[in-house]
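In the form predicted on its own, a lone chain appears below as structure tokens.
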Amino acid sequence: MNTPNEILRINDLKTKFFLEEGTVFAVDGVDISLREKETLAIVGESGSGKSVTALSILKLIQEPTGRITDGEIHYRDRNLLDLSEKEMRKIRGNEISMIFQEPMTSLNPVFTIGKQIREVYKYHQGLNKRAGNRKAAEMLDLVGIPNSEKCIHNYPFQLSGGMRQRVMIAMALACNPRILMADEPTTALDVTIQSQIIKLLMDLKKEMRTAIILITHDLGVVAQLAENVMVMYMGKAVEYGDVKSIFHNPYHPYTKGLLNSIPQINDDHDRLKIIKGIIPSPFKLPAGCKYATRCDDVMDICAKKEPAYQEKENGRKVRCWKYTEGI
């Protein structure tokens, strides 16, 4: 059951992929608490489980290859994992919406922009073509697309990358959802367009009072948009806290590595700092801490036993033996 002001609670979510090479634990026991109007950033390298977590929330994992095997996803005091596909369709795009990666491939190339946005209103609100086009134009105006009444007759290939991303945001926000999940919303956009998209999301959040789950590897975007951060590595949450605490006093060595890899203006080093080693194979995971093979602070126990995800002061959480008492 959700607590006051909590719109989404996820307990011990596990999503696996069953492949010929073996089983991949894509999401392995993740817990999330999202409050109304909060922006939670989920960060980590490619393959850490960020996008699969979001797809799991919407129950969009493709079976039989992938499957949610355990956990609870409580939204408005209902466990989404108990709902039928018909019930989930009423929630997707209406109450929980998602901006997918790669707007060029996410938008259907053979349908106009207006038709694709209009379909959202037709399915969830029963609007006819004229009313749907009017609402579609209003949403395009809202996300800053000029000549919206003309744009609804355009096809995706006729728009720039930044404009296509704005169209994706318009579609996701069409029904004023309570939760918006944005998967790498600024990837492949130039710096100027990135800045415009970030400002747009900030403005829309204030105007529509929507909670946001931001999935990204760009810590600069996190610093501008999010209040809280969850860091993921190999399908597990390794650290959680508010943005200021995470950036100024990271606990987990992986979080420190991510932050140290950001270029600094006043840094006179010739080379960028990197995290040593590579991500372990998902088919041959180490027995202990999954980060032990890359960690600068590794101890003997790290290779033998996985640390618990424990809560520290001020709501901070960390999965690391360095912060476990009595070892």
Partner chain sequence: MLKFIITRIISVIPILFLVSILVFLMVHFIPGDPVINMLGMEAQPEAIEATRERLGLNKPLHIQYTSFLINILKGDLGTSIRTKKPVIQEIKDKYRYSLILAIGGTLVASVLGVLMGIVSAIKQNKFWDNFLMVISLLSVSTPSFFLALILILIFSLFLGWFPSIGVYSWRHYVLPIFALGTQSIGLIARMTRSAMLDTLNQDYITTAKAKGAPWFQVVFSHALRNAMIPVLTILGLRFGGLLAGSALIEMVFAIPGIGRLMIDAVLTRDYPVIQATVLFISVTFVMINLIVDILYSIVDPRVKC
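These numbers come from a predicted model, not from an experiment. Numbering follows the first chain given and starts at 1.
Quick note: we don't show the form predicted together with its partner chain, though the next part is all about it.
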Task: Per-stretch contact check against its partner chain in the predicted bound form, the hit in 221-229, 163-171, 67-75, 201-209 (non-hydrogen atom, 4.5 angstroms) - done: 163-171
- [ ] Classify P109 as contacting or not contacting its partner chain in the predicted bound form by the rule of any non-hydrogen atom within 4.5 angstroms, answering yes or no.
- [x] yes
Open item on the list: At 4.5 Å between heavy atoms, is K122 in contact with its partner chain in the predicted bound form?
Closed with: yes
Task: Heavy atom of D141 within 4.5 Å of its partner chain in the predicted bound form - done: no
Task: Contact label in the predicted bound form: Y233 to its partner chain, heavy atom within 4.5 Å - done: no
Open item on the list: Please tell me which of V43, C302, L55, A26 lies within 4.5 Å of its partner chain in the predicted bound form, judged by heavy atoms.
Closed with: L55
- [ ] Taking 4.5 Å between heavy atoms as the contact cutoff, choose which of N176, T192, T105, S84 touches its partner chain in the predicted bound form.
- [x] T105
Open item on the list: Do any residues of 150-166 have a non-hydrogen atom within 4.5 angstroms of its partner chain in the predicted bound form? If so, which ones, in sequence order?
Closed with: Y155, F157
